[in-house]
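We give structure tokens for two forms of one protein chain below, kept apart as structure 1 and structure 2.
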Structure 1
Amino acid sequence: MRFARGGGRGAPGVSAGGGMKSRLILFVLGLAVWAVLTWPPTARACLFGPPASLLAALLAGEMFVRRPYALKDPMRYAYFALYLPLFVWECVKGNIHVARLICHPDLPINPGIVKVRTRLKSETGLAFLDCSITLTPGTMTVDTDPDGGFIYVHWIDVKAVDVDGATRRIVDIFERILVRIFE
């Protein structure tokens, strides 16, 4: 996945301190998620949780440098809470579809790479959409053109070859909520 963006290290008006602040916020959020997922606390979780959260904050913190104020909007978290069951449901449907294709005696697949359109502009939103597509069985993001607003997706059973039709089938279900979270 590549994100070719021009410009400097941060957005205009964002100081280096703002980058550190957003990394700190991301570290605390990561640590909180780690604690919830590994509850009750164990020695191993306490040993690996903080370094993993710190590493994630240092590596991904740049994504939040441009708009750290977005982390303060509670509606974004509400939409994220809606997104999780939607994503799980799409994965279940994808698993069933791929299993039916594989179990069919004639293996009726129609693989191909399709071009889909996205309205997402933020690097974090695009990364989330790319990962959501790739983690859904039957589809995999091949390349992303953020400047053109397109994503190229390998689809195990192509149902639409035109950009609009493929976008409706692959992207729209995720993008409706991701736009509200990341844009």
Structure 2
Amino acid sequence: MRFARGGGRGAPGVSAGGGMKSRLILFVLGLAVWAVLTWPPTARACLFGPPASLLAALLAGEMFVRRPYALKDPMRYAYFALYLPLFVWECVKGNIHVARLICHPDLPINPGIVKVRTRLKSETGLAFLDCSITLTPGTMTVDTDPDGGFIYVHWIDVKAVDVDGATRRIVDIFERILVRIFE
């Protein structure tokens, strides 16, 4: 089985310069996280932050951003800002639904693993979709088949067994926006 690996797949436009850019982005992000973590800046924190970020950037920087050019498009950030409230709303709504199922004396669950289709191709986009599905209660990603464009989703309350029906209910709401962010 080759599910959910796809290490050497895709990644157009990766060049020698791409790895360097990716390292630089990770270094800056690492510094930012470090700054937030140790907020009132002290001498000790300032001394250890940069070397730690540098080490992380050197070790893992290569695989962090595969398509640096995609980061320059402002529309992607705009759609991401649109995506966050939608995601939080779906998450809260679904949580209440599952809480109701759990508290119901008869436990009216209807579980199963369904197969859904996705149009997303990029690894980051797929990862975001998987995590969104998992964090929206009632659905949880079990495996991804990036070559076929399918995701296997465990659904606590199955409402549609066929691929199209399940796709419409689980994936579409996120995918509409994610396509514009990550593709």
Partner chain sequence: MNEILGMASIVVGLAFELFGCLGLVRLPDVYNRLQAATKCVTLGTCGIMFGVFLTFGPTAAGLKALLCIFFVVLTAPVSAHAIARAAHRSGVRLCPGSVVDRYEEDMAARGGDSGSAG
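When a residue number appears, read it as a position in the sequence of structure 1, where counting begins at 1. Note that the structure is a prediction, hence the values are computed from the model and not measured. Under this definition, the rigid core comprises the largest set of C-alpha atoms superposing within 1.5 Å between the forms.
Trainee: When you get a sec, tell me if the form predicted alone is 1 or 2.
Mentor: Answer is structure 1, the other one does not fit.
Trainee: Superposed on the rigid core, does the Cα of Thr141 end up 2 angstroms or more away between the two structures?
Mentor: Shift at Thr141: below 2 Å after core fit.
Trainee: Classify Thr124 as shifted (yes) or not shifted (no) between the two structures, where shifted means its C-alpha moves by 2 Å or more with the rigid core superposed.
Mentor: The answer is no; the displacement is under 2 Å.
Trainee: Superposed on the rigid core, does the Cα of Ile151 end up 2 angstroms or more away between the two structures?
Mentor: Comparing the forms between the two structures, which are aligned on their rigid core, Ile151 does not shift its C-alpha by 2 Å or more.
Trainee: Rigid core superposed: how many angstrom does the CA of Ile25 shift between the two structures?
Mentor: For Ile25, the alpha-carbon shift amounts to 2.6 Å.
Trainee: How many Å does the Cα of Ala52 travel between the two structures when the structures are matched on their rigid core?
Mentor: Shift of Ala52 at C-alpha, rigid core superposed: 8.0 Å.
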